[in-house]
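In the form predicted on its own, a lone chain appears below as structure tokens.
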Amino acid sequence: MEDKWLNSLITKDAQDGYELAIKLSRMAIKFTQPSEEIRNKIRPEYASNAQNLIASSQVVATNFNTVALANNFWKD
């Protein structure tokens, strides 16, 4: 596991914020299932399931909302 990969939720703009939201989502999976072998084994099962893909998009959206709030929606 990476050490201290999350230094801040503050980003320079919405694009960077969205990329951070994706990173947060991916890291949650990595922490929940630390075995790369198992993650790779089950990936085909969820990668072709529309409901699973929608659920993962919802997780990213929730994380993006968190990052956007932390950045005061990138307003000065």
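The numbering used is simple: start at 1 and walk along the sequence shown. Quick caveat: nothing in here was measured; it's all calculated off a predicted structure.
One more form of this protein, predicted in complex with another copy of the chain, exists but is not displayed; see below.
When the contact criterion is heavy atoms within 4.5 Å, does E45 count as touching another copy of the chain in the predicted complex?
Yes - in the predicted complex, heavy atoms of E45 and another copy of the chain come within 4.5 Å of each other.
Just to confirm, T11 within 4.5 Å of another copy of the chain in the predicted complex by heavy atoms?
Answer no; every heavy atom of T11 is more than 4.5 Å from another copy of the chain in the predicted complex.
Since the partner is left out here, which residues of 19-48 would have a heavy atom within 4.5 Å of another copy of the chain in the predicted complex?
Those in contact are E19, I22, L24, S25, R26, M27, A28, I29, F31, T32, Q33, I38, I42, R43, E45, Y46, A47, S48.
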